[in-house]
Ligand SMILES: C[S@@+](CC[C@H](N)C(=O)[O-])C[C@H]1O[C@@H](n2cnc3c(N)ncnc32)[C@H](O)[C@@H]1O
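A lone chain, given as structure tokens: the form predicted on its own.
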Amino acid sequence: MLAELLRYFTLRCPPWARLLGMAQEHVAITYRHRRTAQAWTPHLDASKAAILEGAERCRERRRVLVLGAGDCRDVPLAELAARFDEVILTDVVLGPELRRLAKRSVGKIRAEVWDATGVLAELARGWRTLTPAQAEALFAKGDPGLPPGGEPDLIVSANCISQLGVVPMDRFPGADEDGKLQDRCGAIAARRHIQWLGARPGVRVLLGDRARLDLAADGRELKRERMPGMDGLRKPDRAWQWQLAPIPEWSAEFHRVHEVGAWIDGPRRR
């Protein structure tokens, strides 16, 4: 617990990221991975392979941009740095390891705080006054604008799409009275993200959760939920399961497993 608290205060992020629970989520993911590293390895390896497949499709290799970089567990950072002139890693929270790595790269790798929804600062400003309907409307109009550094030859959305509208709404005033608010905001934010990503001219790699499963110890499927906002996508180019929280990490009764897809598109025709 003390180690988690210390890490919390080493993070670089805007004040709104702490208010909205993004910093706490970063710490939780860091320590869940440490407890379940072996179970996560196939998912992380599959994510890296999909990103490298996208890199092979690039006509030019000047710049790659990663959204939701986190601590780059699912990003083949060394391979991207060897292939591209510039690697830009973005997230709303930057950990100390990523910042040190970028500093040592002497300009080859950049780590940037950047909100892929474009609305989180405004959401935080209205935290106590916005109604649920107004919060949904914010996500619906979300537009982060041009990517930092300009349009990349490869853009990767790295396993963050299912969290864009969900995590910020976890403690939103009124969320307890409206049990579907997180799902609605999650779906709106995911669809807006897909639209924004589709407008980029380079190669696009979208890594995202498609469904959430609870599996009994013997493998029986106890529960399945579709992830909000992912229903309109075509069949993914790659698919696999992520053992997110094996027994007893989440529950003593079931494994929490996510079905993950990789959609690799582009570059757009000129």
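From 1 onward, residues are counted along the sequence shown. Everything numeric in this text was worked out from a predicted model, so none of it was measured.
What comes next is about the form predicted in complex with this ligand, which does not appear here.
Contact check at 4.5 Å (heavy atoms) against this ligand in the model of the complex: all three of 22, 72 and 91 pass. Heavy atoms within 4.5 Å of this ligand in the model of the complex map, among the stretches 61-69, 212-220, 197-205, 227-235, onto 61-69 alone.
Among residues of the shown chain, residue 158 is one whose heavy atoms approach this ligand to within 4.5 Å in the model of the complex. Contact between residue 116 and this ligand in the model of the complex is found at the 4.5 Å heavy atom cutoff. Within this chain, residue 182 is remote from the site of this ligand in the model of the complex, having no heavy atom within 4.5 Å. At the 4.5 Å threshold, heavy atoms of residue 29 reach this ligand in the model of the complex. Only one of 154, 190, 135, 120 comes within 4.5 Å of this ligand in the model of the complex through a heavy atom, and that residue is 120.
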